[in-house]
Ligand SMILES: Cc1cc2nc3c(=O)[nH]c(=O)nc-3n(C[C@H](O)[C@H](O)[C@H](O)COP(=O)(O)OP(=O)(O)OC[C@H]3O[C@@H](n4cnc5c(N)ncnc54)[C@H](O)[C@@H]3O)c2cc1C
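Given next, in C-alpha coordinates, is a single chain: the form predicted alone.
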Amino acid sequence: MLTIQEYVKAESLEQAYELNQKKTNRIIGGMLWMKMSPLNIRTAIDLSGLGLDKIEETPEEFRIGCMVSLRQLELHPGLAAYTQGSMKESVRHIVGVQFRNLATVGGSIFGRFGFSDVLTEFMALGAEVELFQGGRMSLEEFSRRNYDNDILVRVILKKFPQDSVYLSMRNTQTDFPVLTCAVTRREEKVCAVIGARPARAVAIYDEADLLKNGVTDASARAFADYVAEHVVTGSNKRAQAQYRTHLVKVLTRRACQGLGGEAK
(Lines give C-alpha, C1' and ligand atoms only; values in the text may rest on other atoms or scores of the structure.)
Protein backbone atom coordinates (compact mmCIF):
# COMPACT_ATOMS: atom_id res chain seq x y z
CA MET A 1 0.00 0.00 0.00
CA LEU A 2 1.30 3.46 -0.93
CA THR A 3 1.32 6.08 1.81
CA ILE A 4 2.19 9.78 1.39
CA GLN A 5 2.79 12.03 4.37
CA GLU A 6 3.17 15.38 2.63
CA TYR A 7 2.40 16.81 -0.81
CA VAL A 8 4.24 19.71 -2.46
CA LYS A 9 3.34 21.30 -5.78
CA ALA A 10 6.76 22.51 -6.88
CA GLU A 11 7.10 26.16 -7.82
CA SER A 12 10.40 25.61 -9.67
CA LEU A 13 12.65 22.83 -10.86
CA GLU A 14 15.24 24.01 -8.35
CA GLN A 15 12.80 23.45 -5.50
CA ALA A 16 11.75 20.07 -6.87
CA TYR A 17 15.37 18.95 -7.25
CA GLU A 18 16.28 20.01 -3.73
CA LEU A 19 13.32 18.14 -2.27
CA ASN A 20 14.07 15.08 -4.37
CA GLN A 21 17.53 14.63 -2.84
CA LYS A 22 15.97 12.99 0.21
CA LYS A 23 15.58 9.26 -0.34
CA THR A 24 12.16 9.24 1.28
CA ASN A 25 10.77 11.83 -1.19
CA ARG A 26 9.51 11.09 -4.70
CA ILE A 27 8.68 12.92 -7.91
CA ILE A 28 5.15 11.93 -8.97
CA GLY A 29 3.89 11.77 -12.54
CA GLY A 30 0.60 10.13 -13.43
CA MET A 31 0.77 7.97 -10.25
CA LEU A 32 -0.32 4.88 -12.16
CA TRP A 33 2.51 2.48 -11.27
CA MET A 34 3.66 4.21 -8.09
CA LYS A 35 0.26 3.84 -6.45
CA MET A 36 0.61 0.05 -6.66
CA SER A 37 3.97 0.08 -4.86
CA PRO A 38 4.34 -0.53 -1.11
CA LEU A 39 6.13 2.78 -0.59
CA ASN A 40 6.12 5.12 2.37
CA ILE A 41 6.74 8.54 0.78
CA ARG A 42 7.64 11.40 3.07
CA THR A 43 7.01 14.14 0.48
CA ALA A 44 5.36 13.69 -2.91
CA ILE A 45 6.68 16.28 -5.38
CA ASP A 46 4.27 17.40 -8.12
CA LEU A 47 5.70 19.01 -11.30
CA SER A 48 2.32 19.78 -12.87
CA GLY A 49 2.59 23.53 -12.26
CA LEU A 50 5.85 24.04 -14.18
CA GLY A 51 4.51 24.11 -17.75
CA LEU A 52 6.10 20.78 -18.67
CA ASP A 53 2.90 19.34 -20.15
CA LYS A 54 3.44 20.63 -23.71
CA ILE A 55 4.83 19.28 -26.98
CA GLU A 56 6.76 22.08 -28.67
CA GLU A 57 7.57 21.59 -32.34
CA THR A 58 10.18 23.61 -34.24
CA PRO A 59 11.63 23.03 -37.71
CA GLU A 60 14.55 21.21 -36.06
CA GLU A 61 13.04 19.17 -33.23
CA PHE A 62 10.21 18.19 -30.90
CA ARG A 63 10.58 19.19 -27.22
CA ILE A 64 8.34 16.98 -25.12
CA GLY A 65 7.86 17.97 -21.47
CA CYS A 66 8.01 15.30 -18.80
CA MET A 67 4.35 15.88 -17.82
CA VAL A 68 3.05 15.31 -21.35
CA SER A 69 0.56 12.43 -21.32
CA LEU A 70 0.77 9.37 -23.52
CA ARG A 71 -2.56 10.41 -25.01
CA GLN A 72 -0.94 13.65 -26.20
CA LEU A 73 1.76 11.60 -27.94
CA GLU A 74 -0.93 9.48 -29.54
CA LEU A 75 -2.89 12.42 -30.94
CA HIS A 76 -0.14 14.88 -31.91
CA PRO A 77 -0.31 15.44 -35.70
CA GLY A 78 3.32 16.51 -36.01
CA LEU A 79 4.62 13.37 -34.30
CA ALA A 80 2.27 11.24 -36.37
CA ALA A 81 3.59 12.71 -39.61
CA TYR A 82 7.23 12.60 -38.58
CA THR A 83 7.13 8.97 -37.38
CA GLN A 84 4.82 7.70 -40.16
CA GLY A 85 2.36 6.62 -37.48
CA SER A 86 4.79 4.59 -35.38
CA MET A 87 4.39 6.90 -32.37
CA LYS A 88 0.65 6.30 -32.24
CA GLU A 89 1.16 2.57 -32.76
CA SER A 90 3.62 2.43 -29.85
CA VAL A 91 1.13 3.80 -27.30
CA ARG A 92 -2.34 2.87 -28.55
CA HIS A 93 -2.28 -0.59 -26.91
CA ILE A 94 -1.31 0.74 -23.47
CA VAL A 95 -4.30 -0.22 -21.28
CA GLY A 96 -6.94 2.33 -22.41
CA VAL A 97 -7.64 5.98 -23.15
CA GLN A 98 -8.30 6.84 -19.50
CA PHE A 99 -4.93 5.38 -18.54
CA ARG A 100 -3.10 7.16 -21.37
CA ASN A 101 -4.69 10.45 -20.32
CA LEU A 102 -2.87 10.13 -16.97
CA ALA A 103 0.39 8.27 -17.74
CA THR A 104 3.25 10.68 -18.42
CA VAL A 105 6.24 10.62 -20.73
CA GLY A 106 8.54 11.44 -17.82
CA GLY A 107 7.31 8.54 -15.72
CA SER A 108 7.51 6.14 -18.64
CA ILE A 109 11.05 7.14 -19.64
CA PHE A 110 12.60 7.76 -16.21
CA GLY A 111 11.25 4.43 -14.96
CA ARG A 112 13.13 2.58 -17.74
CA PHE A 113 10.69 -0.29 -17.35
CA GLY A 114 11.43 -3.45 -19.27
CA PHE A 115 7.84 -3.50 -20.56
CA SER A 116 7.89 0.13 -21.78
CA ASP A 117 6.58 0.62 -25.32
CA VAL A 118 7.47 4.31 -24.95
CA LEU A 119 11.13 3.66 -24.14
CA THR A 120 11.45 1.29 -27.12
CA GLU A 121 9.95 3.78 -29.57
CA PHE A 122 11.87 6.86 -28.44
CA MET A 123 15.17 4.99 -28.31
CA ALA A 124 14.74 3.79 -31.87
CA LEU A 125 13.96 7.35 -33.01
CA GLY A 126 17.29 8.57 -31.61
CA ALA A 127 15.75 10.69 -28.85
CA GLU A 128 17.69 12.58 -26.20
CA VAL A 129 16.71 13.35 -22.63
CA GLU A 130 17.29 16.59 -20.74
CA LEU A 131 18.05 16.14 -17.05
CA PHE A 132 17.95 19.04 -14.59
CA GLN A 133 21.50 18.43 -13.37
CA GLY A 134 22.84 15.90 -15.84
CA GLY A 135 22.07 17.94 -18.97
CA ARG A 136 21.37 16.35 -22.36
CA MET A 137 22.34 12.84 -23.38
CA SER A 138 21.07 10.18 -25.70
CA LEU A 139 18.18 8.11 -24.43
CA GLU A 140 20.19 5.00 -25.27
CA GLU A 141 22.91 6.12 -22.84
CA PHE A 142 20.36 7.18 -20.23
CA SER A 143 18.61 3.81 -20.39
CA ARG A 144 21.80 2.07 -19.26
CA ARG A 145 22.34 4.31 -16.23
CA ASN A 146 21.41 3.48 -12.67
CA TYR A 147 18.55 5.33 -10.99
CA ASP A 148 19.44 8.55 -9.19
CA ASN A 149 17.75 11.65 -7.77
CA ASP A 150 17.99 13.83 -10.87
CA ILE A 151 14.86 15.08 -12.63
CA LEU A 152 13.97 14.26 -16.22
CA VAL A 153 12.75 17.59 -17.59
CA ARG A 154 11.94 16.73 -21.19
CA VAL A 155 12.59 14.42 -24.11
CA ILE A 156 14.07 15.93 -27.29
CA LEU A 157 13.43 14.35 -30.65
CA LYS A 158 15.54 15.85 -33.42
CA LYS A 159 14.07 15.80 -36.91
CA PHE A 160 16.35 13.51 -38.88
CA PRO A 161 15.11 12.19 -42.23
CA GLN A 162 14.15 8.66 -41.25
CA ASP A 163 11.60 5.89 -41.65
CA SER A 164 10.21 4.06 -38.63
CA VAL A 165 7.97 1.08 -37.86
CA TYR A 166 6.74 -0.07 -34.44
CA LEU A 167 5.34 -3.51 -33.63
CA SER A 168 4.53 -5.37 -30.44
CA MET A 169 3.17 -8.73 -29.38
CA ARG A 170 0.66 -9.06 -26.55
CA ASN A 171 -1.10 -12.14 -25.25
CA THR A 172 -4.29 -10.13 -24.78
CA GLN A 173 -5.38 -6.65 -25.78
CA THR A 174 -4.17 -3.91 -23.37
CA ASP A 175 -1.90 -6.34 -21.49
CA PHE A 176 1.82 -5.73 -21.00
CA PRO A 177 3.73 -6.63 -24.16
CA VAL A 178 5.47 -9.98 -24.53
CA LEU A 179 7.95 -8.24 -26.83
CA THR A 180 8.31 -4.79 -28.39
CA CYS A 181 10.19 -3.96 -31.58
CA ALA A 182 10.93 -0.62 -33.22
CA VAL A 183 12.99 -0.42 -36.41
CA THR A 184 14.27 2.84 -37.89
CA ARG A 185 16.30 3.73 -40.97
CA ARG A 186 18.20 7.00 -41.10
CA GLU A 187 21.21 7.93 -43.17
CA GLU A 188 20.80 4.52 -44.80
CA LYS A 189 21.59 2.77 -41.50
CA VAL A 190 19.04 0.54 -39.81
CA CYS A 191 18.59 0.13 -36.06
CA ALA A 192 16.29 -2.31 -34.26
CA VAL A 193 15.32 -1.71 -30.64
CA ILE A 194 13.91 -4.68 -28.75
CA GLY A 195 12.08 -4.24 -25.45
CA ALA A 196 10.02 -6.32 -23.02
CA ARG A 197 12.60 -9.09 -23.30
CA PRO A 198 11.61 -8.77 -20.33
CA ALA A 199 14.57 -6.52 -19.42
CA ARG A 200 15.09 -2.92 -20.59
CA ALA A 201 15.09 -2.14 -24.29
CA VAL A 202 18.34 -2.68 -26.18
CA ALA A 203 19.43 -1.25 -29.55
CA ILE A 204 21.01 -3.42 -32.25
CA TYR A 205 22.54 -1.69 -35.29
CA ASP A 206 23.06 -3.17 -38.73
CA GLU A 207 26.84 -3.24 -38.32
CA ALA A 208 27.08 -6.06 -40.87
CA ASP A 209 25.36 -3.88 -43.54
CA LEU A 210 22.84 -6.61 -44.25
CA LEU A 211 20.33 -4.01 -45.47
CA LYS A 212 22.72 -1.64 -47.24
CA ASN A 213 21.30 -2.57 -50.65
CA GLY A 214 17.72 -2.09 -49.54
CA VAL A 215 15.08 -4.22 -47.87
CA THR A 216 14.17 -7.48 -49.56
CA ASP A 217 12.62 -10.56 -48.05
CA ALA A 218 16.06 -12.19 -47.86
CA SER A 219 17.84 -9.18 -46.34
CA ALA A 220 15.02 -8.61 -43.83
CA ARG A 221 15.28 -12.23 -42.69
CA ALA A 222 19.07 -11.99 -42.47
CA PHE A 223 18.90 -8.85 -40.32
CA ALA A 224 16.19 -10.39 -38.13
CA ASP A 225 18.43 -13.40 -37.50
CA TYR A 226 21.33 -11.05 -36.74
CA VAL A 227 19.25 -9.11 -34.19
CA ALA A 228 18.06 -12.32 -32.53
CA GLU A 229 21.67 -13.49 -32.15
CA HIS A 230 22.57 -10.27 -30.31
CA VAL A 231 19.53 -9.90 -28.05
CA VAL A 232 19.38 -11.73 -24.73
CA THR A 233 15.85 -12.76 -23.78
CA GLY A 234 14.46 -14.10 -20.54
CA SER A 235 11.39 -15.85 -19.19
CA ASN A 236 8.52 -14.70 -17.03
CA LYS A 237 4.84 -15.52 -16.63
CA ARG A 238 3.98 -14.04 -20.05
CA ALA A 239 6.46 -15.98 -22.17
CA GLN A 240 9.54 -18.15 -22.19
CA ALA A 241 12.91 -16.93 -23.46
CA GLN A 242 12.82 -19.24 -26.48
CA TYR A 243 9.47 -17.85 -27.60
CA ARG A 244 10.70 -14.28 -27.16
CA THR A 245 13.74 -15.03 -29.32
CA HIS A 246 11.38 -16.37 -31.99
CA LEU A 247 9.34 -13.17 -31.74
CA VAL A 248 12.50 -11.06 -32.15
CA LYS A 249 12.99 -12.66 -35.55
CA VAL A 250 9.36 -12.36 -36.60
CA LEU A 251 8.75 -8.77 -35.49
CA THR A 252 12.11 -7.49 -36.75
CA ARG A 253 11.53 -9.06 -40.16
CA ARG A 254 8.03 -7.62 -40.41
CA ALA A 255 9.19 -4.18 -39.26
CA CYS A 256 11.99 -4.17 -41.86
CA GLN A 257 9.53 -5.13 -44.56
CA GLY A 258 7.33 -2.30 -43.35
CA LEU A 259 10.15 0.14 -44.02
CA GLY A 260 10.11 -0.75 -47.71
CA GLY A 261 13.00 -1.02 -50.10
CA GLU A 262 14.07 2.62 -50.29
CA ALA A 263 14.35 5.38 -47.71
CA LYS A 264 11.59 7.97 -47.98
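Sequential numbering from 1, following the sequence displayed. Because the structure is predicted, anything quoted here is derived from the model rather than measured.
Below, we refer to the form predicted together with the ligand, which is not included among the displayed structures.
Visitor: Is the ligand close enough to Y82, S86 and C191 in the predicted bound form that each of the three has a heavy atom within 4.5 Å of it?
Guide: No, the candidate spot makes no contact with the ligand.
Visitor: Exactly one residue in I64, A201, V215, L70 has a non-hydrogen atom within 4.5 Å of the ligand in the predicted bound form; which is it?
Guide: So the residue touching the ligand in the predicted bound form, by this definition, is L70.
Visitor: Only one of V118, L179, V129, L125 comes within 4.5 Å of the ligand in the predicted bound form by heavy atoms, so just point that one out.
Guide: Looking at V118, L179, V129, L125 one by one, just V118 meets the 4.5 Å heavy-atom criterion.
Visitor: Quick one: is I151 in contact with the ligand in the predicted bound form, heavy atoms, 4.5 Å cut-off?
Guide: Residue-level check for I151: yes, a contact with the ligand.
Visitor: Taking the ligand as it sits in the predicted bound form, is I55 in contact with it (heavy atom to heavy atom, 4.5 Å or less)?
Guide: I55: no contact with the ligand in the predicted bound form.
Visitor: Is it the case that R170, even though its partner is missing from this view, gets within 4.5 Å of the ligand in the predicted bound form, heavy atoms only?
Guide: Contact check for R170: yes, within 4.5 Å of the ligand in the predicted bound form.
Visitor: Heavy atoms within 4.5 Å of the ligand in the predicted bound form: does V165 have any?
Guide: Outside the cut-off, so no.
Visitor: Please name which of the stretches 133-141, 151-159, 183-191, 71-79 has residues with heavy atoms lying within 4.5 Å of the ligand in the predicted bound form.
Guide: Residues of 151-159 come within 4.5 Å of the partner.
Visitor: For a quick check, can you give me the residues of 30-44 that have a heavy atom within 4.5 Å of the ligand in the predicted bound form?
Guide: Residues within 4.5 Å: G30, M31, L32, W33, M34, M36.
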